[in-house]
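What follows is one chain in structure tokens, specifically the form predicted on its own.
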Amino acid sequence: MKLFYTRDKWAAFRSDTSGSWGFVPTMGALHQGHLDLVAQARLENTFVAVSIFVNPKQFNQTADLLAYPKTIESDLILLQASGVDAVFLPVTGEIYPENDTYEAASPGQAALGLEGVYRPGHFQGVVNVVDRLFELIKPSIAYFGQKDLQQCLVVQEFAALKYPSLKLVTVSTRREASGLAMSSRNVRLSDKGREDAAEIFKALDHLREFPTETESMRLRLLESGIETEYLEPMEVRLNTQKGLMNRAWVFAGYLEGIRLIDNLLFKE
């Protein structure tokens, strides 16, 4: 597994390879959900590249950026064991250089509402970094996790316009045995918090069958210490491993001061 820290060295290496490249962009603190993306990329491509870059532009709170877990050594061990060919590990100046002349990308309609309301500027930061990484990595297929559902829709909309030949693959959310969606933020929860957070998926699953009981689910979550920002149905159009999905229940809220998100996709 080769490590690259600069744009120039990656570009020189990339230009000397032939065959398809699968690409998994991450912010590190890897878990089995990330490795599912890597595994899918490994099945479908000649080479697999992973980026680890904590993108400051997609954090709307400085405290959240500073608290984001950093586990680079264990991340690299996991990636090597998963058969990754190359890892791109840029510092901020490699992505956002001084005297930057790169025209900043902008999100489209998919960024409106939900995360777009509660995390102003977040999706601007997401498409900005994804655009730069796509331009640099030049992947054949890029892989994203379903847990960040609205992000998947935002990137899908953006890429369709600027990178029409790039295939995007959405990989199903990996969950704990309790139903809790795996997330890098989960390491900040106490043991009890992890148990309580399992109520999020239970609420989403309940609402799929009983969509009028939103308020009772909010109260059920509050009893477990979970303060809900939003718990809503939404229409989607997303190709997943299970086929085209067109409906979802989505959640965002706080437990022990940590912001958690989740969703449940299904066919209507």
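Throughout, we count residues from 1 along the sequence that is shown. Bear in mind the structure is a predicted one, so any value in this text is a computation, not a measurement.
Same protein, other form: the form predicted together with a small molecule, not shown, and the subject of what follows.
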query: is_contact(Pro139, the small molecule) in the predicted complex, heavy atom dist at most 4.5 Å; finding: no
query: Residue contact check: Gly253 to the small molecule in the predicted complex, 4.5 Å heavy atom; finding: no
query: 4.5 Å heavy atom contact, Thr26 and the small molecule in the predicted complex; finding: yes
query: Exercise: Met182 in contact with the small molecule in the predicted complex, heavy atom 4.5 Å; finding: yes
query: Answer option from Phe134, Phe123, Phe144, Phe158, heavy atom within 4.5 Å of the small molecule in the predicted complex; finding: Phe144
query: One residue of Glu195, Asp148, Glu94, Asp85 in contact with the small molecule, assessed in the predicted complex (non-hydrogen atom, 4.5 angstroms); finding: Asp148
query: Stretch from 171 to 179, 100 to 108, 86 to 94, 69 to 77 whose residues place a heavy atom within 4.5 Å of the small molecule in the predicted complex; finding: 171 to 179
